[in-house]
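Coming up is one lone chain in structure tokens, specifically the form predicted alone.
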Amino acid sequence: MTARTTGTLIVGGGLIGAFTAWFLARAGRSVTVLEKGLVGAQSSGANFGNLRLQGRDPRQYPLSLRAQAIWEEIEALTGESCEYDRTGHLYLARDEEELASLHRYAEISRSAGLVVEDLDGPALAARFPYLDRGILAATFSKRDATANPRLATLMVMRAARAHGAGVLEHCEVVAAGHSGAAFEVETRSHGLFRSEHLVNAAGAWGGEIAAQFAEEVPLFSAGPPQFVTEPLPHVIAPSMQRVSGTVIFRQIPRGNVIVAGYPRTASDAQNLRTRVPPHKTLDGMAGLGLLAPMLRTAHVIRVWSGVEGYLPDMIPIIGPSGTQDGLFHGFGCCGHGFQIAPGVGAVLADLIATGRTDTPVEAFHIARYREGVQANEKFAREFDSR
């Protein structure tokens, strides 16, 4: 069988695959992306669109801040719009438990250099008069932003193609290995590929690629309930989130209010869907009304979710393989992938081009699962019981 040869093969045409391809192609490297469906069709195109910096795992801040700097220039760099909007992000606390989380997250964020503003009840009411008076306090980060996930991945992939990257859709990988001289990747419809480097950016399916190199991880797929209301007068400026994560909402300039929240529901990854139980939309509307009473009677016009990859410690897998030289992972982003994707792509491109990166990612190495990983406290709280 005649094989197609490229410098780097990327499995997965989501946002991480797109950014990795773009950075490599811009540097003049040969790169080909293999996407089993359509570019950006899974979680990269179906997420909430938050570019949130508040409330990150402290180990993730260098990566998140590198990613945010790229987001801030992305439209100038690509010459296209993905509706990037530096809206800021408001964390809200309605009870004492949430208040403790609010203060803890703010302290961590400030230690990473983020500017976070404290707002007590009166200050919050003066600045955001449409919010419920039962909210005890809030924190505001003005550098946080939003973008349209339906536009972003396609925009970055077009930029990668413009620099010479190959992108094949409906190209499912059925086997991947290393011959001793090169990676060999067999696809269902496009034959055999060979490459010097292989990037596993397969999202919720990244565990299947890793397992072919004897690196099994407890990746599972799930998705948050999301819905959007009818267009309403535009008054909500920042992206807002109850600090418990039960309600997250933002209003786009066209007036629609996009809403998400936890707990997440298990996905049917084989059939590429996450069903949203009807009661979750009703619960979401009830929770939204507690924060912004004017939205209690808004009409919901569409409901959806995505297929996202999660790990028990709620941090991603990023960096070189522990078993195969030339293999790099960037998957399992635990609901954070949209914000960190530019940083992950830049780090993977660094590692492939130079063998090193100035952005610390050791905490996200896949080898941590050899010794057992302690589940994050969010693991029990933010998912349906399984």
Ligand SMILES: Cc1cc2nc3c(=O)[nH]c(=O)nc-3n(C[C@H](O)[C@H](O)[C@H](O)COP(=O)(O)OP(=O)(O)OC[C@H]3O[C@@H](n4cnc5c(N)ncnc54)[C@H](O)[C@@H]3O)c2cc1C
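Everything numeric here is computed off the predicted structure, so don't read it as measured data. Counting begins at 1, following the sequence as shown.
There is another form of this protein, the form predicted in complex with the named molecule, and it is not shown here; the text below is about that form.
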{"property": "Result of superposing the named molecule in the predicted complex onto shown chain, 2.4 Å backbone or C-beta criterion", "result": "open"}
{"property": "Listed range touching the named molecule, judged in the predicted complex by heavy atoms within 4.5 Å, from 223 to 231, 119 to 127, 85 to 93, 294 to 302", "result": "223 to 231"}
{"property": "Residue contact check: Gly335 to the named molecule in the predicted complex, 4.5 Å heavy atom", "result": "yes"}
{"property": "Any non-hydrogen atom of Glu107 within 4.5 angstroms of the named molecule in the predicted complex", "result": "no"}
{"property": "Proximity of Ala349 to the named molecule in the predicted complex, heavy atoms at 4.5 Å", "result": "no"}
{"property": "Distance check, Val307 to the named molecule in the predicted complex, heavy atom within 4.5 Å", "result": "yes"}
{"property": "All of Val173, Ala201 and Gln339 with a heavy atom within 4.5 Å of the named molecule in the predicted complex", "result": "yes"}
{"property": "Among the candidates Leu327, Leu34, Val361, Ala67, the residue which, in the predicted complex, approaches the named molecule to within 4.5 Å (heavy atoms)", "result": "Leu34"}
{"property": "Proximity to the named molecule in the predicted complex, single hit among Val217, Ile209, Ala165, Ala138 (heavy atom within 4.5 Å)", "result": "Ile209"}
{"property": "Interface residues of 4 to 18 toward the named molecule, as seen in the predicted complex [heavy atoms, 4.5 Å]", "result": "Val11, Gly12, Gly13, Gly14, Leu15, Ile16, Gly17"}
